[in-house]
Each structure stands twice: as C-alpha cells, then as structure tokens.
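Single chain ahead, by itself, as structure tokens, in the form predicted on its own.
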C-alpha cells in the first residue's frame, strides 16, 4: 500500500486519475485536495465530489485549497474542459460535501502524524508551496512528490509554458528549491500516451457504472484536444502521474536541474531543464523522459474494468 494525498483541479484527466486511484488496491488515499486551475476552486471542488460519488467511495474526504496563485491571476481552461470543468457528461448532484478543513491544514495534520506519504499533485502546485512555507518541518514525512507539469520542449498555454507551471511559477520555484524528492511528469511524456477513439470505445464497451461516463468525458476531451492541438489522440496527463506514484517504473526519469521562469515576460512559466548539465547546478528534480505506453494504457483499462 502507498499512502497518497491527491492534490488536483478536476478537469477530465484529474477525474480519470481519481478513478484509477480509487480502484487501485495498492492506494491508501488519505484525502483529496483541490486547487483552482482547470476551473475555479468552487467548480474543481464540486467536480472532485462528483467523481468520488460516481466511484461509490464516500469514505474519502475533499479539502478545498487555494482559489488563486501566489502571485498573478488565475487562468482557467474552458476551451479544453468546458464551463463546468467536466463537460461532456451529466453527473448526479453529489450528496457529499467538502470538508471545512482547508487543504493546507489537512496536509499539515496528516504529515505531523504519518510518515512516507506520497503527494500526487496534478494542477498548479500552489497548495504544496504554501504548506512548505507555513510548515517546513513536514518535509521529513513526505516520501515523494509527483507533479504533472512542465516541459523541456513545448508549451500548451504559451509557446514556452505548460499550463500548470504557467498558472503559478512562484509556487513551483518554492517546491523546486525545497530539496524534496520531486518528480516532474512533463508534457513531453504525457503526449506520447495518446488515447485514440478506438481506446475510448474500448472503455465504453466495458459496460459498467463508471465506464459510460468516462467514455462521455473522454469523447468530449478528445474533441477539444483535436480542436486545439490536433494530436490525433488525447493525453490523459494526470493519470500518468498517478500511475507512476503507485507503480514506479511506468515512467522513466532522469535526475536533472530544473529552474522556472517567474518573470512577467513572454517566457513566464517556462521550465528550464538542464538535460546536459551545462550549468553544473544542483540536480533538484526527476524529469520524465519516457513512458511505457502499453503498460500505462493497460493499467488504465484494468482499473476501470474493476468498477461494476
């Protein structure tokens, strides 16, 4: 069992990430934190509750976190995820309610009591940065942080910057300087694990209580990705990070130095990855280099098939 905290901004790929974690027998989910990113905090929190209720896991609590970045303005992604953040399917209104404890206090409380906790963070990394600023002593109980974000070759919100990094580069800088065991699951790798409509139809044919809604979510997600990026498939970014957290080795990574541009210029949010060690700076992040595409897809299919 791996003790995990999921910190996310649902979002279609976050929703899939959550469903995989809730089906995986190796995951001990301590709680789910939300952050503003793909949509506002109000919407991402509601979406997390909807996904938990879909999975039938009323034992899992949701802790709302940061509604905005440390600096600057929040940028959401309605062109990708729709106005709700989970457009494409209709969820029942959840009976679950979010905790009155905020995400930072929740993580602090957990990390005072428990060791070897893995944090899977798949939105702007604001919550974790604030936690480290407020309670640096909890670092000793964090085994690993796996973040979906950044890139060494492309941007998807600007020519230079990946969406999560762009939304709060100041927070990312704090985490990069924290000396945590930190893994970046980058666009370079998530874009190699594209789901085609054949893959999405395979999910539809599972005919269980979850697969039909996942099919509808991914059909919408596929369409918006084709309209915006024309990749010939849709990456399920955040699920890649979750898979690596619970089953290390699906992603191949290299320890490198990473800096982030926090300027207000056109390269704001760019992650500068020193692949060839030309700077000689301290190596502070495991950066994803490759992914076992077949292994990742099979993991996703196998977990979704567990829902009855």
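Positions refer to the first chain, counted from 1. Please read these numbers as outputs of a predicted model, since none were measured by experiment.
The discussion below concerns the form predicted in complex with a small molecule, not included here.
Quick one: from 217, 210, 187, 142, grab the residue that has a heavy atom within 4.5 Å of the small molecule in the predicted bound form.
Partner contact (heavy atom, 4.5 Å) among the options: 187.
Here the chain is shown alone; which of 224, 181, 156, 102 has a heavy atom within 4.5 Å of the small molecule in the predicted bound form?
When the small molecule is considered in the predicted bound form, the option within 4.5 Å is 156.
Would residue 163 show up as a contact with the small molecule in the predicted bound form if we use heavy atoms at 4.5 Å?
It does: once the small molecule is placed as it appears in the predicted bound form, residue 163 has a heavy atom within 4.5 Å of it.
Classify residue 38 as contacting or not contacting the small molecule in the predicted bound form by the rule of any non-hydrogen atom within 4.5 angstroms, answering yes or no.
Output for residue 38 is yes: heavy atoms within 4.5 Å of the small molecule.
Give a yes/no on whether residue 127 approaches the small molecule to within 4.5 Å in the predicted bound form, heavy atoms considered.
Judged by the heavy-atom cut-off of 4.5 Å, residue 127 is well away from the small molecule in the predicted bound form.
I'd like to know if residue 148 sits close to the small molecule in the predicted bound form, meaning any non-hydrogen atom pair within 4.5 angstroms.
Yes.
Heavy atoms within 4.5 Å of the small molecule in the predicted bound form: which of the stretches 277-285, 42-50, 257-265, 237-245 has them?
Careful reading of the contacts points to 237-245.
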